[in-house]
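To begin, one chain is listed below as structure tokens, in the form predicted alone.
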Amino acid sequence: MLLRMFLAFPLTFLLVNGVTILVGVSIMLVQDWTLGLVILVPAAPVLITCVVFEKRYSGAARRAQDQVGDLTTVVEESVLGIRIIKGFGRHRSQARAFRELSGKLRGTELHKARLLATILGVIVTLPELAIGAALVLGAVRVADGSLSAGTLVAFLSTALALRWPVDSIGFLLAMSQEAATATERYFEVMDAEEESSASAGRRAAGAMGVPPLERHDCPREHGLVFENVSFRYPDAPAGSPPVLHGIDLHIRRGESLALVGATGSGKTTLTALVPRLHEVTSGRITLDGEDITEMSREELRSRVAVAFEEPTLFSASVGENVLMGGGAGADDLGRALAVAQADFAHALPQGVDTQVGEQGLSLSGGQRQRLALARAVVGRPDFLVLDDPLSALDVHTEAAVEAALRRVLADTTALIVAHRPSTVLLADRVALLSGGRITAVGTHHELLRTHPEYAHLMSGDPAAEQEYQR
């Protein structure tokens, strides 16, 4: 908005007024160079004031724009989380946070106003004093006969014609600084280094001080393969252990594997590595034998579909939200809704054309989760990554979704984060993630018999889970 305003108004007037001032001063010097020099006396202090103003106003403008962003965030979060705020009685603390941020913003805007008032005072006062001095000196010279009255009138008329271009310099500079600051904020995002598809993971590993895994011949079996994968968040404290370490896992083509582990074991982080929402710190991940860092993100994400435990919907229709995952039209949409047991969409006021509202808050949690699952399967992906996609469903709906999902999983390679035995049973095999490592792989029944930690997790014993987390 600030850039558009600058290009539409201040930029044009800066050019026009700048040319007007140069031409006007040249004319005055030609008319009478002595009076012209009198008019130019304020130029030096005005220029110095403009330089100081530009530096100070730029800092204040940047601070104000950052504070507007912070204030907008508080307002947005308060509106979206109004039920939580009311439920926990936190309305006063949110109001207090709003008042504090708006107070800071008010102070910054007042500081900007004072700076603008200062430069306007200097820019308006000094030229007026110079014109007054030129009038006095010109009148004396006309009385002495060294200057004609017509020349003095012409000179003063030219000087007065320059009052508006000179007076406008202050607010034009202010608007220019606002636009410059907005441009700086824009390019902070646009100039962020963009990871190229090739060797992104190895560069990330070098930046973390972790030696990258030497490339070696990987078995060319089709499927999803993790080879000695480790991951540490870029902002993690130095010396802290990685979230994931030495992950070796092979999900064969057409196989589904359930990933089970205690809270905080790294399950969600592991699933985020497949579509490259995070880059591996070391090791590599391959799809059908091809390193994912050698693919473009567009190609990778066209082959991998994801559904997260916390579903995100957009302020669009049901159909548009689902077809965002791919698909070619009504047939694919209907099939995906059937798989996710989301037939409720047809009963909405406008059917699948019904707007779900911002973040889909007009729907229940289970309905949002089923639409997110439909979005994941609508494009018939080669690889499917599901992060506990059935957690918000009741037992009967979950059973129906699982029955339909089994048919989908028969034709795709899937990694499924699971917390309940019913979800685990969707998979052909199970991997147990503990402390950032894969500690066991096998079928559900094998791990129940041979691995105590897995048996405790599936039993739903909270005390046992906390013990294993320690």
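Start at 1 and count along the sequence shown; that's the residue number. Model, not experiment: these values are computed from the prediction.
Keep in mind the form predicted in complex with a small molecule is missing from the figure; the text below concerns it.
**Asked** Which of 126-134, 264-272, 71-79, 97-105 has heavy atoms within 4.5 Å of the small molecule in the predicted bound form?
**Response** Stretch with heavy atoms near the partner: 264-272.
**Prompt:** Is H419 close enough to the small molecule in the predicted bound form to count, meaning some heavy atom within 4.5 Å?
**Reply:** H419: yes, in contact with the small molecule in the predicted bound form.
**Prompt:** Does the 4.5 Å heavy atom contact test between E309 and the small molecule in the predicted bound form come out positive?
**Reply:** It does: once the small molecule is placed as it appears in the predicted bound form, E309 has a heavy atom within 4.5 Å of it.
**Message:** Taking the small molecule as it sits in the predicted bound form, is F344 near enough to touch it, meaning that at least one heavy atom pair lies within 4.5 angstroms?
**Reply:** No.
**Item:** Touches the small molecule in the predicted bound form: D235 (any heavy atom, 4.5 Å)
**Value:** Although the small molecule is absent here, D235 would touch it in the predicted bound form, with heavy atoms inside 4.5 Å.
**Contact residue in the predicted bound form, from L249, V243, L115, I285 (heavy atom within 4.5 Å of the small molecule)** = Filtering the options by heavy-atom distance leaves V243.
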